[in-house]
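Listed next as structure tokens is one chain, alone, in the form predicted alone.
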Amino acid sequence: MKGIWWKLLGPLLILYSISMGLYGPVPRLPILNETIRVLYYHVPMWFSMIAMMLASLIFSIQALGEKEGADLKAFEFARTGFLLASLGLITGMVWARFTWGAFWVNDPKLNGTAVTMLIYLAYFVLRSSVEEAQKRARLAGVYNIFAFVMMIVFIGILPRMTDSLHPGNGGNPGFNQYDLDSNMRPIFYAAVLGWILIGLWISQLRIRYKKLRDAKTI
């Protein structure tokens, strides 16, 4: 993406969602109470993570077609996605502590998240262990496609097929069904868009840094 407008829009949307998430009105619902505010912090992290991993997948496919620079872009977008996944996991654990009584419970979505993050950690290790550029791009590209498919299975499909404590899974209603007055939707969408833009910016900066560093070592 070119221009500076989206680099300004991203932080503004996040500041808006954080402030409204803390001080804006929310529905007074049994069990959830004030913890429903996690919708502004935890859920956008996962939406943004999936967007970053999808971009990484696309660049990995391009890398298999030997497009120049695609492997580096796939790697950096995956790193940003992993960062957002880590933040999503942490915010989710805080919410679980006050809603379920523990930071971690035996839940298929939590377990699937842990497995998914281990799969992507293996991607980072695999890519860093191969010196030859073309071979690295091919191996990492194929594995990244596998990692993305496994991510969808573990956090998107399996939790919906089994009993799960998560809203929107295992027969539980989603957050959108709790939001009866629709006051939360604009803040939520602002948070999702803001974090996606920040993720793009972080990835772009990392890619530019790596290119400059590699140019100096030549």
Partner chain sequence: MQGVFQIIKLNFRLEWSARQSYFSLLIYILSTVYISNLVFEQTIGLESWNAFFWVIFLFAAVQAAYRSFYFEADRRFLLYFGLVAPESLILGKILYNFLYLGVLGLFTVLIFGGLMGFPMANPEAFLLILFLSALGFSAILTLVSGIAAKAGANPALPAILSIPLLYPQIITLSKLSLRSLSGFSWEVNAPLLIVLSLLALVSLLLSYLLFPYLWRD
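Just so it is clear, the structure is predicted and the values come from calculations on it, not from any experiment. Numbering follows the first chain given and starts at 1.
Beyond the structure shown, there is the form predicted in complex with its partner chain, which is absent from this document and is the topic of what follows.
For a residue to qualify, one of its non-hydrogen atoms must sit within 4.5 Å of its partner chain in the predicted bound form; none of 40, 87 and 95 qualifies.
Proximity of residue 192 to its partner chain in the predicted bound form: non-hydrogen atoms within 4.5 Å are absent; the residue sits far from the partner. Although the partner is absent here, residue 154 lies within 4.5 Å of its partner chain in the predicted bound form, judged by heavy atoms.
Contact annotation for residue 100: none of its heavy atoms lies within 4.5 Å of its partner chain in the predicted bound form.
Using a 4.5 angstroms threshold between heavy atoms, residue 133 stays clear of its partner chain in the predicted bound form. Of the residues in 111-149, those that come within 4.5 Å of its partner chain in the predicted bound form through at least one heavy atom are, in sequence order, 115, 118, 119, 122, 125, 126, 129, 130, 135, 138, 139, 142, 143, 145, 146, 147, 149.
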